[in-house]
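Below you'll find only one chain, the form predicted on its own, shown as structure tokens.
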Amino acid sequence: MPLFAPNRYKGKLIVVEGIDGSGKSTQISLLSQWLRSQGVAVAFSEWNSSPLVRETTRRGKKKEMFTPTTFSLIHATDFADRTERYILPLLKSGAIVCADRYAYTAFARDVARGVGRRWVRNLYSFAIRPSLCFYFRVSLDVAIGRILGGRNAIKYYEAGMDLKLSRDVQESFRIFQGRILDEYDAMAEEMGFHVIDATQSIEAQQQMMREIVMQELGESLKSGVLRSQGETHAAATAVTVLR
């Protein structure tokens, strides 16, 4: 049985994955800008961003009340809402959707929290299969250095503190993110990830992404997807559905 539903639409879905501090968000942002410069209609989707459950998620995290299963379910609800109201309409319109994290994030994080692998994958079986998925691989030491270099502290759930792995936040982060890293590495070949060495320069990583996009989707970018003159229409379609 296929893991995801096939993408039968004109639009393309490009996904980035990696542990916190891998630099994937920077890279998908740069790729989105480059695609727009090529005259392609591009939209952006971010993990855990649905208005439907945003407030519930915020309150639950603040009160530290989520169990691994409820955490998994609320993220799946968020994902389902964004898929139905935002991602699908854009793919149908022919736009390219660039997603900062996708179902693979749940496959890695939820399993690292002790949720059953098969259960999680069944939960996301409705998801559309990405056209491309980039996995930014980085060591834990580099990830920690990047996170602490950009802000004062590591977040509670980001560090897996809810799992009682260690009283020390950095040590808990190292253990938890190490588990997530193991899950990503195990999935890489199975899921067909394009693995990027995230310790390379930003420019080198971006160049590699662009080359892979052109190799895999080049013909579609020329004539198969929505051009930039229709970008406003694509965004308007998504906004209309969200209402």
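In this text, all values refer to a predicted model and were calculated from it rather than measured experimentally. Start at 1 with the first residue shown and count on from there.
Separately, the form predicted in complex with a small molecule exists; it is not shown, and the next lines address it.
Taking the partner from elsewhere, no residue among Asn7, Gly11 and Arg129 has a non-hydrogen atom within 4.5 angstroms of the small molecule in the model of the complex. The candidate stretches are 182-190, 198-206, 33-41, 48-56, and the one lying within 4.5 Å of the small molecule in the model of the complex by heavy atoms is 198-206. Proximity to the small molecule in the model of the complex, taken as a non-hydrogen atom within 4.5 angstroms, holds for one residue of Arg117, Arg146, Lys155, Lys92, which is Arg146. Proximity of Ser25 to the small molecule in the model of the complex falls within the 4.5 Å heavy atom cutoff.
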